[in-house]
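Given next, in structure tokens, is a single chain: the form predicted alone.
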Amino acid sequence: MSETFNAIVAAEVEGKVKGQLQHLTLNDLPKEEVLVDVSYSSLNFKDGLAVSGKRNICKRLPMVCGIDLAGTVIESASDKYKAGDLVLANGYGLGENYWGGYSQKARINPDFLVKVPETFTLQETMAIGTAGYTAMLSVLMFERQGVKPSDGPVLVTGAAGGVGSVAITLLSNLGYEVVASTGRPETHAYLTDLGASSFIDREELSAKGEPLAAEKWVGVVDTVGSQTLANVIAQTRRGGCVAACGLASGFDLPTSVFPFILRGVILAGIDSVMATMDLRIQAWSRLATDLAKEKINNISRVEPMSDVPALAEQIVAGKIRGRVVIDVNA
């Protein structure tokens, strides 16, 4: 009989899809080329939706949840990796179309894997995780669009969340003046330590605003969507860039063409799921140089995989600060 291991598996129970801790064997895993001994995953908003069943994230069932993972290659039928390699994976439909990272063992397509930068431990890569990698993609988008620190302040919405926390840290370290939007005043000291220079209450951005407002931001990292995204677009300076990378408040966008045709504002979508491998490697290389090691510990904590169902409810309710690393072996 094959040795069993633990995983969080989403399945339909009494008409509802939820993720629960289950025992699997290697024979249960999909037929992919690389077998990974997973050490850590992390908790992301999408994971919260999938495990809690709040939204139809899993495209087939049963599904091992977890949109990212970090671990050690056990065996490989691909010449890209060998036993002992430290690897990570983000997106590519993990936890949606392909079995994901909330599992002590994973078989995965080698094309989904990135070698862990030498400067990071496996735990640190998941303290960054999909959220931090998405934040780095947003910073790279600013740079491609010519948004410089000397141009003016940048705004980060959903600032106390995972993407927001890493975005503030990165942007501040690169010399940007960072304004943080949050509805949780108790996080102000935490966000100041990460590099936020001032704050705006999220209520100021969530109410219906004018289609074209006073110019404030040269760049915006928006994790919220909906009316908040519409308002920050309307407030962005001429030629500025809004990096849209989340939908915590909703997927609608009640805006107008005015900011785009009268100010040349750029609305740039950040696709962390299917980003090219070249862009992924660039993002992780920049994280290795631009994200201060001491800040990684400030924005993260480690929790056992057995607590994922409860943590999923908390992140969907907006009660998680920073990043939560999931120890799949605890």
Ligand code: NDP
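The shown structure was predicted, so the numbers you read here are calculated from the model rather than taken from an experiment. Start at 1 and count along the sequence shown; that's the residue number.
Omitted here: the form predicted in complex with this ligand. The next part is about that form.
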Quiz item: When this ligand is placed as it is in the predicted bound form, which of 106-114, 76-84, 254-262, 127-135 ends up with heavy atoms within 4.5 Å of it?
Solution: 127-135
Quiz item: Any chance Val17 has a heavy atom within 4.5 Å of this ligand in the predicted bound form?
Solution: no
Quiz item: So, in the predicted bound form, is Trp284 in contact with this ligand at a 4.5 angstroms heavy atom limit?
Solution: no
Quiz item: Are any of the heavy atoms in Val224 no more than 4.5 Å from a heavy atom of this ligand in the predicted bound form?
Solution: yes
Quiz item: Does this ligand come within 4.5 Å of any heavy atom of Phe45 in the predicted bound form?
Solution: yes
Quiz item: Which one of Gly161, Gly71, Gly95, Gly240 is close to this ligand in the predicted bound form, taking close to mean a heavy atom within 4.5 Å?
Solution: Gly161
Quiz item: What is the one choice in Ser272, Ser300, Ser52, Ser39 with a heavy atom within 4.5 Å of this ligand in the predicted bound form?
Solution: Ser272
Quiz prompt | Contacts with this ligand in the predicted bound form, stretch 235-266 (heavy atom within 4.5 Å) | solution = Cys245, Gly246, Leu247, Ala248, Ser249
